[in-house]
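First, one chain by itself in structure tokens, the form predicted on its own.
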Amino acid sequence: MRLARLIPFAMAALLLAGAARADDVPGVTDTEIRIGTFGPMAGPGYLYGRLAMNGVEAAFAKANEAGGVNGRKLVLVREDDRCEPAGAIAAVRKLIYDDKVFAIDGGGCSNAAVAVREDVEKAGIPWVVFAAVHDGLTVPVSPVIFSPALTATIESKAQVAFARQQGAKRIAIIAMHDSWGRSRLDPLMATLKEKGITPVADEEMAPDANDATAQVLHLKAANPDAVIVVLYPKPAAVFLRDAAKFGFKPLAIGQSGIGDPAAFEEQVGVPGATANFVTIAMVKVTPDDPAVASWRAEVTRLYPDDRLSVFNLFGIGSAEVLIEALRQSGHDLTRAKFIDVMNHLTNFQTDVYGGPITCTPADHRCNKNPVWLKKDPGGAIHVVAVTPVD
């Protein structure tokens, strides 16, 4: 009889002990897992921040509707970094020390993201990168940072490979020379040198440029078959707009910073000016693809004023990776378990990335399958090719 009376108390003690253990892990309770995210939530960089965050939120909502992950619901905590290093440092410190999130799924702007590497490593908090491509995030290997996003070197190698596959013999470059541009331009130049290619022209544009007449005329005089574009969407739009004005129509090869051809065509605003433009995306599907109909419905449900975009898909892909690692980590979740799972994630297929996601302890560049997108003028976006990179 006495034993029977003690059983409820023993069970309660066990439950309390379990709750205490969960509460000892930052961001984890018996009922939820708090995940932080940071990136620009307004201004021209919102594509890499707010839209990607909305994709993460859609993936979390779908997982929560199915019962959560190992019985816990996912909660996303957002912070705005304004696409600035100082803003990112403040945002990430708030997520770690005030919001006490379990992990981070975020990082939109490369310069801002790479600025927080030291803080993230010091805190030992896992970070899954959803958009930033700076090589400094993953090289040298960080014990806690994993990138299912592409990286600058991988994209640069893909740009050169694609130009050569299209038969380009004379390759030119137009690029920003700020820290973001150099993070892409340096590996691009190294790749060209490795292949024995000397650019026929190398033009610079500022991020806030409103005119590209001089650059277009210099490039046109060099007579390239292909121009590799290392620009933000705004200067890239100015470049293609002015190129069309002067009848300069080479193959223009973009990168994931211009990952939404539909939004870019609208920004250029000149019919036919993007007819020879192709760009890298991190994802193998387009927003109108029937394969992502359920994601389109989920994003529309959560954000009725938004159309599904390529940048939403960036967030969805990274969240699928994070959710899988949480699932494999089991109910007794710790950061150490999560990091170990990420270090051994092998051939994980998401709904959106161009190839399987594989991370190893020696290489946290987990996505090596750049996808090429092209938009028919006034028509649909379609996948041109996938260029796997070693």
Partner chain sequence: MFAYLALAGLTNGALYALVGIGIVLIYKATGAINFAQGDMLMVAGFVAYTLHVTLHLPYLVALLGAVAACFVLGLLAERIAFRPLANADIISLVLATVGLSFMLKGFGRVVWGGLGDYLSFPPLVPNDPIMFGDIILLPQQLVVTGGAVLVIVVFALFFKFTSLGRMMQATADNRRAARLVGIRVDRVHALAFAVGAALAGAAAALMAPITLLYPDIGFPLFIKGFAAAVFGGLDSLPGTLLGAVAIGLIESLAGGYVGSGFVDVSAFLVIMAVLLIRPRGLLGSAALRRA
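Residue numbers count along the first chain shown, from 1. Keep in mind the model is a prediction, meaning the values are calculated, not measured.
Beyond what is shown, the protein has a form predicted in complex with its partner chain; the following relates to that form.
- The stretch from 262-270, 181-189, 281-289, 71-79 that comes within 4.5 Å of its partner chain in the model of the complex, counting heavy atoms only, is 262-270.
- A heavy atom within 4.5 Å of its partner chain in the model of the complex is found for exactly one of D208, D98, E194, E121: D208.
- Of the residues T153, Q255, T138, Q215, just one reaches its partner chain in the model of the complex with a heavy atom at 4.5 Å or closer; this is Q215.
- Within 4.5 Å of any heavy atom of its partner chain in the model of the complex lies no heavy atom of R296.
- In the model of the complex, at least one heavy atom of E203 sits within 4.5 Å of a heavy atom of its partner chain.
- In the model of the complex, its partner chain lies farther than 4.5 Å from every heavy atom of F348.
- Interface membership of I125, defined by any non-hydrogen atom within 4.5 Å of its partner chain in the model of the complex, is ruled out.
- Residues of 222-247 lying near its partner chain in the model of the complex, listed in sequence order, are P233, K234, A237, V238, R241, K245, F246, the criterion being any heavy atom within 4.5 Å.
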